[in-house]
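In structure tokens, one chain follows: the form predicted on its own.
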């Protein structure tokens, strides 16, 4: 039975690409995403064509018991979850305070912070019983810098970062490695940046900035995720940031 890499937010960008990398390295990739069943099935087929193992599920993480039930099913029917990739986005768009409804603000929190809490509550006891595991959490610049119009996203991602720290404080001594991966820049991802910009602008950005390695490449990011999951416990990385060489780091922005 292969160990499982359980991916939440397995779109065509970071999540799906990281899942594909782990499948190449001998894991059974369990890929969960909210919508686009055709895209999900296509990704599973690609992994299988490459000789790997994968299973795909449509799952809305904010639904009651959705995360808990899926983890229980995977543990029973597929195998032990050794690695979790928590890659759910929580961006509700650029909105001034007056245009940020309470429901929209709460949705960012439910996706970014509460979902991770629910997942940890479910999977950490299983990992602790087995003596170890890895939880790799994709985050964003908003976790460390709040900009105007980003009330929901910054609060949610800041909470995600602090939750990673408290989880590490409790579970690192028990063999569970939690890593907060701050993505500080635009990712060449059709499911996220592509939808935000629209097909024409996204294509133009790929042909210009992307052609000069100015966009973060999911395939290269996946190598970092796998490296973190493979670290010896004497040199665990608990937080790092990823950005293109040509971008200004978040702490140098005016």
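Everything quoted here is computed from the prediction, not taken from an experiment. Numbering follows the first chain given and starts at 1.
The next section is about a form of this same protein that is not shown, the form predicted in complex with a further copy of the same chain.
Here is the short version: of 136, 74, 92, 154, the single residue with a heavy atom within 4.5 Å of a further copy of the same chain in the predicted bound form is 154. Shown here without its partner, the chain carries 28, 59 and 204, none of which come within 4.5 Å of a further copy of the same chain in the predicted bound form through any heavy atom. The stretch that touches a further copy of the same chain in the predicted bound form, counting heavy atoms within 4.5 Å, is 220-228, out of 220-228, 29-37, 191-199, 47-55. Using a 4.5 angstroms limit between non-hydrogen atoms, residue 130 is distant from a further copy of the same chain in the predicted bound form.
Interface residue remark: residue 111 is not counted as part of the site for a further copy of the same chain in the predicted bound form, having no heavy atom within 4.5 Å. At a distance threshold of 4.5 angstroms between non-hydrogen atoms, residue 172 is in contact with a further copy of the same chain in the predicted bound form. Contact annotation for residue 126: none of its heavy atoms lies within 4.5 Å of a further copy of the same chain in the predicted bound form. The partner is not shown here, but in the predicted bound form the stretch 194-214 reaches within 4.5 angstroms of a further copy of the same chain through a heavy atom at 212, 213.
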